[in-house]
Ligand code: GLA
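In structure tokens, the next block holds one chain alone, the form predicted alone.
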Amino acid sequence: MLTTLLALIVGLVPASPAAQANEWRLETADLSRMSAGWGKALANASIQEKGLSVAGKTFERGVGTHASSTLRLDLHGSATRFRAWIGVDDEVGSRGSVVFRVSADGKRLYDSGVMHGGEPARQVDVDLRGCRILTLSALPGEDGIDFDHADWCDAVIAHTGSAPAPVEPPKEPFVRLTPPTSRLPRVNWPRLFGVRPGSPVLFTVPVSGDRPMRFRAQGLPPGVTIDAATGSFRGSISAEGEWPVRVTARNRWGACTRTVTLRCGETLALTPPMGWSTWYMAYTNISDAFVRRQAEAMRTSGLADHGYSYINIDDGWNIRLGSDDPVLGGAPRDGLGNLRPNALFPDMRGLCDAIHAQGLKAGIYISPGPSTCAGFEGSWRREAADAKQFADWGFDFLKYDWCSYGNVAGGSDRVHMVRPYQLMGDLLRLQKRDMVYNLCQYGMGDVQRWGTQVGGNFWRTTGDLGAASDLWESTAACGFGQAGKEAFAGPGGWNDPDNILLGRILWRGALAPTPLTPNEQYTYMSLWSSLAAPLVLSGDLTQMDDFTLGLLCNDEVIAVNQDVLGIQGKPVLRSEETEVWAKPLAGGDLAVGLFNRGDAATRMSAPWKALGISGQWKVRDLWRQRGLGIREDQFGATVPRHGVVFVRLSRV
């Protein structure tokens, strides 16, 4: 025994196989493959390019990233162990909350639970024998992604063969599940429209089917007519009331008759607004001609036939402050104090008229601060003039973005956050034109609790989805993070987890297809519909492929979003990687989504007990628009990676 011990000391006896394993360090990986919810993952530095430090303990080596963050590694079946120290970097102080997870081949190997800033680093030691694909995830805790600076320190993988290598997720086929649109007329959603007394009525009945088509209506309120060729309601209603209007649409193949309800009162956006925004497709590179092309494409692509109606101009339409560019610069206001558009928007009234001529509505954007987020003129101290200007031009929608207002707010408590939105909300109500009011202030001060009180019709509850380097992680965190906010949503006021980034969007500096996989895209639309969230698209409407149109124009999925009860869905079952969401619908039906956030397909079920129901229920697959038979006690299905099975339950 003594001889063997001496031999080991001087290296005369070979070490054990485990001791001979090679060590691969995480910071040597191609970190361009590691996503980050903000910034980019860095080797041997925090996300803000400082030294790695957790609760005062410093580390020379490792990777700093930002939730939501994921890295997938091919272990080639030769890895034996993963070791690391994890924690929230000291650069955020006590802020930030991150969940660190280690998974392999779809199975969870380690979960830190929520770790907060200032909490001591924890050591991870995981057996990887027999594993092929390793996934390292840093996910946001209970309060969104703000300040979630996540560190993987001294992260090492022991292996006996080929070194680990970053890999992309498995490829998925682009399969359109939505059946082709029928040539027959079909009256789609929304079928409920709100208008204030005396305001202009503009509502085009969403009807799919071959054109030309003729329309007629029975039961219209006095002062309102329908255009027989386009199906657009025009006019005004002088008194409050509700009018169920029987609309018939007819083409060469047949006819469809449905009831569309006009409700005149003080509440707008009785169902979640549906439309399009310039932002994530073009940012500030916009013009009158660009907006007109997109408006025409909303009509010709068929999107308008399925309820999409708002054409919203985001940041970049007026004068850029301090710019000497002859196109974007100049005096931000005229001699009367009215806003001046930049040279790319020569006729705002004419642009609104052109959008209205398509049967669509026009939206505009500005900040309550001195400047917008991109440095264009804001509304600060000119709010009354701007509200009147927007109404005079003919806009039907205003997005009011916090941006520079933080510099002039005078405080950061709820009173100071509410003040600018209350002011503009009061001014909008004085106009002789209805404008849906979008509060864009990223969920600060629990905006969902006071949004309707200031006249808001929907309010952002998250940061910008398009700012993340991993759109899936950001979308999942923001979308599923709406749980708990359902009590504050309903007809007239909706929680908004940001736009629909599908189709061709600006991604990493170029106009390109969304980076989301097909399954992730189906999850996106299913979740936003369950949430009764506004469906505001950001893709290029002139380049919609068949797969994307199938995602956006499935009327049975849209019907869940536009249900007149206006109840936001919520999770009824949650595990580490799966969630079952339920949304009550008018008539007693229930929309149920089985969501799999994990990295491997899994079998899921929705028990009747968890849904609060009993007995026999008919199950209908909403994406494929087909019945799945009758179930009793529960519904189950295999749900793909990052995918969904979305069904409607109807009592037998």
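The first residue of the shown sequence is 1; numbering continues from there. It should be emphasised that the depicted structure is a prediction, and the values quoted were computed from it without experimental measurement.
Omitted here: the form predicted in complex with this ligand. The next part is about that form.
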property	result
4.5 Å heavy atom contact with this ligand in the model of the complex for all of W279, A374 and C440	yes
Residue (of D386, D396, D314, D89) lying close to this ligand in the model of the complex, criterion heavy atoms within 4.5 Å	D314
Contact residue in the model of the complex, from D470, D288, D464, E296 (heavy atom within 4.5 Å of this ligand)	D464
Partner contact for W459 in the model of the complex: this ligand, 4.5 angstroms, heavy atom	no
In the model of the complex, Y365 touching this ligand (heavy atom, 4.5 Å)	yes
is_contact(D401, this ligand) in the model of the complex, heavy atom dist at most 4.5 Å	yes
Segment that reaches this ligand in the model of the complex - one of 221-229, 152-160, 365-373, 537-545, heavy atoms within 4.5 Å	365-373
